[in-house]
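There is one chain below, alone, in structure tokens, taken in the form predicted on its own.
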């Protein structure tokens, strides 16, 4: 295909395992993190010139666990700037896998274009036997260059799969098939360079998101509290005392929270119940989500539905930035 007919795809590199160097060809852990610059990464795949007109930039070079709110807003703003131009048909973001799902979901809320945005990375560092990074990147470019990817929202392309940013989760700490969508399944596949979608997201995202293009400094503070057998409410009290605007619980089963926390939200027990942080009940269980079957006796406790705790915290922070009305926040969690 002649180059002038190819899509213009821009790669924004942030670091992560895909930009890391192994200690040896058989050492998949203990590698030198986030050291390979984007130009060197792209140069390793000359075949990219056959499927897209590529350009690239290094926005930062760090492990994903070190990414800040400011980094995320810078990344989103740069994506929106690029996609607003006729010189860019799609975006690739290379990213560390530890917090890839949070960044992808963040971008799913803040990118204000229906052009493709594909997040990818690697579970194994460069130069190790069976490193997955280069093929993941090649597949991500195939995905971003496909007309079928338009309007799909931000997607994660890993291990030949295409996952919605909303539903994709990291499912393993070391396997190359770490990213899955265990509740609803994958959107599609990239097989031998061919992009094939089977499903389309229906929840609000990107161009239809009320948070698209938003920049907040600072973001409202939200704490995640893990529920376990024998836990107490000390961390809950600390979050309230600290002034956190919201709390997400990684609850047991169908979002169960301990009795002391539930009691604190009842006016008959606590005269300050109406001023407590909005609490979103999520679950530590991988699939199934949280329903509103448990009537907690207050409108300040709402279900996360099928968002896991860390994605629920991302959405709650954006929700609290625009409203403190519990009914509105409940509506946001139903729509996203």
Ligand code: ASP
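Numbering follows the first chain given and starts at 1. Bear in mind the structure is a predicted one, so any value in this text is a computation, not a measurement.
Another form, the form predicted in complex with ligand ASP, is not on view; read the next lines as being about it.
When you look in the predicted bound form, the only residue of 251, 188, 246, 96 with a non-hydrogen atom within 4.5 Å of ligand ASP is 96. Taking the partner from elsewhere, residue 31 is found to have a heavy atom lying within 4.5 Å of ligand ASP in the predicted bound form.
Ligand ASP is not drawn, but in the predicted bound form it has a heavy atom within 4.5 Å of residue 64. Residue contact with ligand ASP in the predicted bound form: residue 104 places no heavy atom within 4.5 Å of it. In the predicted bound form, ligand ASP sits beyond 4.5 Å of every heavy atom of residue 109. Only one segment in the set 229 to 237, 96 to 104, 195 to 203, 159 to 167 has any non-hydrogen atom within 4.5 angstroms of ligand ASP in the predicted bound form, and it is 96 to 104. Using a 4.5 Å cut-off on any heavy atom, none of the residues of 311 to 332 reaches ligand ASP in the predicted bound form.
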